[in-house]
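Here's a solo chain for you in structure tokens, the form predicted on its own.
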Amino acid sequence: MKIYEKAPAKINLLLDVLRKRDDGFHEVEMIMTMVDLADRLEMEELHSDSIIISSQAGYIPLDEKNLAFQAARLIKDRYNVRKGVYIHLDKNIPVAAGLAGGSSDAAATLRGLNRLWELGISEDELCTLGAELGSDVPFCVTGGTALATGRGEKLERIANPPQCWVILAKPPINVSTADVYGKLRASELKRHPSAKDMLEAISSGSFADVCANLGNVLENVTLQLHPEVLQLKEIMQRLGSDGVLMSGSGPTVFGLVSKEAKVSRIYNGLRGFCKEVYVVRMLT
């Protein structure tokens, strides 16, 4: 039997860092939603007690460094599964892009192996497992739109934002999330985006208010380290995107667009600046 799982990318409509915690993590407040750009995973049981991962992408690790591998090993160890699994990972989400591609792959692996091996693990338990792998994994397990607090693992489901086009553009650089958080001085931040205002904008269904309340404090670090990300934001705004923000720790920038007539002009303009440009919809 084969199991198939979709692993969508996420974007941060809001990312605030409140303080650095005693455990070394940061206390965050994030509003996240998923978009229709996804990796696809195919899982098949092996008789041998091993984990084998393959992918058409030649630029990702296929061993213990891969989060899907780590998720498979975690679920095998935690639930004493003495079977193996072959996972084929069809990679479409850019790597190290601020779109939680690796976290979504891990979440899809947890969901898929729960079904493949008929383990009966609840969604809450899968989220708890996912938190051991990374702060974004619990959200990727549940999907939808959520307010995330703590280090990102405490989730409150909220209404989906107004439907729109999402244009994603990733410049040809990779950004380390750990490096960005390491350089952030949370206590020195002068301005914080308002989660309250964004929640009200989403609740009211106002696309204009959602765009007006986009915010990401990690831009303070990434835009200084990589001026091309700032340039990409400026180009996207100039081309007519209604709201523009860097997702996660970057370097991907997304533009929210309400009118389809604008989409091709923005897409073509961005393609002159970077090769990796995607036009998708929110998953609502």
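Note that residue numbering begins at 1 and tracks the sequence as displayed. No experiment lies behind these values; they were computed from the predicted model shown.
Below, we refer to the form predicted in complex with a small molecule, which is not included among the displayed structures.
In the predicted complex, the small molecule sits beyond 4.5 Å of every heavy atom of L199. Contact check for P94: a non-hydrogen atom falls within 4.5 Å of the small molecule in the predicted complex. Looking at P61, you'd find a heavy atom of it within 4.5 angstroms of the small molecule in the predicted complex. Under a 4.5 angstroms non-hydrogen atom cutoff, the small molecule in the predicted complex lacks R238 among its neighbouring residues.
Exactly one listed residue, out of V141, V166, L99, A72, brings a non-hydrogen atom to within 4.5 Å of the small molecule in the predicted complex: L99. Residues T33, E219 and V253 are none of them found to lie within 4.5 Å of the small molecule in the predicted complex, as judged by heavy atom distances. Residue heavy atoms within 4.5 Å of the small molecule in the predicted complex occur in exactly one stretch of 189 to 197, 85 to 93, 157 to 165, 207 to 215, and that stretch is 85 to 93.
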